[in-house]
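The chain below stands alone and is given in structure tokens; this is the form predicted on its own.
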């Protein structure tokens, strides 16, 4: 591959595709499998990698469909999901805060898809949930790509949380990020 081809590939990746967010449907299972069965995508996830279509269907029915705010990340007009973004309200009466998370299919890494989805989701939940003041996220210390997504989306790094989560059977340090509605760049 010549230098020109590499530069062309880099330029193509810099162009952020137009994304939409929509609720999932069961018919999205084949697209969901693209990232839910990929260890490269799921290695930083709290949930295990799916290994079969039946596992993906079960996860969609039991977790994604009833989730309070989980959206398919779709590119352009074809409506096919290339990832997901979810926002979970804090438990109990803590209506002023929520947590955001995201997964994007490997083929769409490095194209700005996750950043665009996180920005769009943050804007939507601040609008839909008027009492929401704080949106937070955690990223594993070694997950530089997700950390960068959050930073580009306007989240601020707050702290390193030692041994905060167990991922894949191993205790991990996490970095806490937050986006406040009062100083949100997405509003």
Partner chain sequence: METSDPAAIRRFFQRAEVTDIDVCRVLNSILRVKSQQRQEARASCCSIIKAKKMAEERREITLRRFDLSDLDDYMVWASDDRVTAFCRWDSYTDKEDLRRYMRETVLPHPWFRAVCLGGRPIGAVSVELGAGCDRCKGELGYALAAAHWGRGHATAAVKMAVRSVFREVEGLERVEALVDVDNKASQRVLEKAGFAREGVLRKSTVLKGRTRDLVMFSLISTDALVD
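Positions refer to the first chain, counted from 1. Owing to the predicted nature of the structure, the values given are computational and were not obtained by experimental measurement.
Heads up, the form predicted in complex with the partner chain isn't pictured, but that's what we're talking about next.
> Does residue 161 reach the partner chain in the predicted complex if we count a contact as any heavy atom within 4.5 Å?
Residue 161: contacts the partner chain in the predicted complex.
> Is residue 179 close to the partner chain in the predicted complex, meaning a heavy atom pair under 4.5 Å apart or at it?
Yes, residue 179 is a contact residue.
> Report whether the minimum heavy atom distance between residue 134 and the partner chain in the predicted complex is within 4.5 Å.
Yes, residue 134 is a contact residue.
> Is residue 61 part of the interface with the partner chain in the predicted complex - any heavy atom within 4.5 Å?
Because no heavy atom of residue 61 falls inside 4.5 Å of the partner chain in the predicted complex, the answer is no.
> Taking 94, 166 and 171 as the candidate spot, are all three within 4.5 angstroms of the partner chain in the predicted complex by heavy atoms?
Yes: each residue has a heavy atom within 4.5 Å of the partner.
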